[in-house]
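To begin, one chain is listed below as structure tokens, in the form predicted alone.
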Amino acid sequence: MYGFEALTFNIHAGYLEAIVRGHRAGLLTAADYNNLCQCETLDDIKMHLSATEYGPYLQNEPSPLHTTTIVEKCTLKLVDDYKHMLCQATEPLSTFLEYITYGHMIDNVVLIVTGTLHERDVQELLEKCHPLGMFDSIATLAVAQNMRELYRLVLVDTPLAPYFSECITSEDLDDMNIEIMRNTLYKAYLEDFYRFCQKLGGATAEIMSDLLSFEADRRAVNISINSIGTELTRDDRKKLYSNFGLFYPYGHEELAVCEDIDQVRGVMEKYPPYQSIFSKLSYGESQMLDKAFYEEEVKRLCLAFEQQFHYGVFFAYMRLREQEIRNLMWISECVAQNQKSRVHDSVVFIF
């Protein structure tokens, strides 16, 4: 019941909400990022991070450091936070937390299948998988030749099984089919997560519908831009768009027929919340679009913490921590490759 969450929320989720708000206070600030951008070597970055929550994870790493080591250890912090919250959670929060990891599961499935297609070593691929998206039978994905086998041999026992109903075909796996599979799975996952949040009701439904709608709209724009110049038809594109969000349904009709980035821009500018994203970009420029989307997402995620007694803060914290890890990866890569002039290009400040 909306507005009455305060009566019962703290019985089961009060402790965890306090924990997640404590974790949020440990996110890096603009001052931290400015200091990190001044670093000359990866060891300087490690030294600066030693004063943050990442300190215990990096303290025993020997020199010389590699970017992958920094990212790996920072991701371990995210995974530990998540596992702690999951262990303490009761229904329906535990199901909500599990939903957050399904996106990583989809990415891992696609990574393994694509890597196998290009004859990469399975062990090497498993090391690149996101730890939040691991499941027991993931290594056996390498044996599948088409979607039907992929489902029957491996995915039928995972939480992704219901999402596969739309993309089971007997066609052999190739790069195009795998990308379509990724987007079909994501569509089914986002719609399922959206329905689950609506069922929870109250402030959780209100805040999560805004965050998930933004995610669905961002995916619709990316699909439209990436499918320009491919053999995907208008109907194929529309099948990959989620059935909710600000663009649904009329924006999807227009995005499906866009032939270039400026037409996509024209569609987005009709929607006031997204006008600010394109106002930062000049015409024909799509390279900075990802950063503009990330900045808008971070703004919305931070707003989720302004309200109490809802599950959106758990989703927001996980996403903000992932953005922080992306920032650290970019800064570390720029320092390692001596490209310090570009260090601010992709860093999205969180606070």
Partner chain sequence: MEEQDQMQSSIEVEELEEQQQREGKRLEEENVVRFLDSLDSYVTLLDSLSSTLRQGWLELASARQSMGASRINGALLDLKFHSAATSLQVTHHDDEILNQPHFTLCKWASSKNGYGDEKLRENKLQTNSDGPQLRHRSQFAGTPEKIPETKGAPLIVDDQVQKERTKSLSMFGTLVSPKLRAAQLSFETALETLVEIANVRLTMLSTSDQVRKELEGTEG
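Numbering follows the first chain given and starts at 1. Keep in mind it's a predicted model, so treat the numbers as computed, not measured.
The same protein also exists as the form predicted together with its partner chain; that form is not shown, yet it is the one meant from here on.
Looking at its partner chain in the predicted complex, residues 8, 159 and 295 place no heavy atom within 4.5 Å of it. None of 225, 134, 79, 86 but one reaches within 4.5 angstroms of its partner chain in the predicted complex through a heavy atom, and that residue is 225.
In short, of 92 to 100, 187 to 195, 258 to 266, 208 to 216 it is 258 to 266 that has heavy atoms within 4.5 Å of its partner chain in the predicted complex. The closest non-hydrogen atom of residue 272 lies beyond 4.5 Å of its partner chain in the predicted complex. Contact check for residue 307: every heavy atom lies farther than 4.5 Å from its partner chain in the predicted complex. Its partner chain is not drawn, but in the predicted complex it has a heavy atom within 4.5 Å of residue 290.
In the predicted complex, no heavy atom of residue 13 sits within 4.5 Å of its partner chain.
Of all the residues from 117 to 141, those having a non-hydrogen atom no more than 4.5 Å from its partner chain in the predicted complex are 117, 118, 119, 120, 124, 125, 128.
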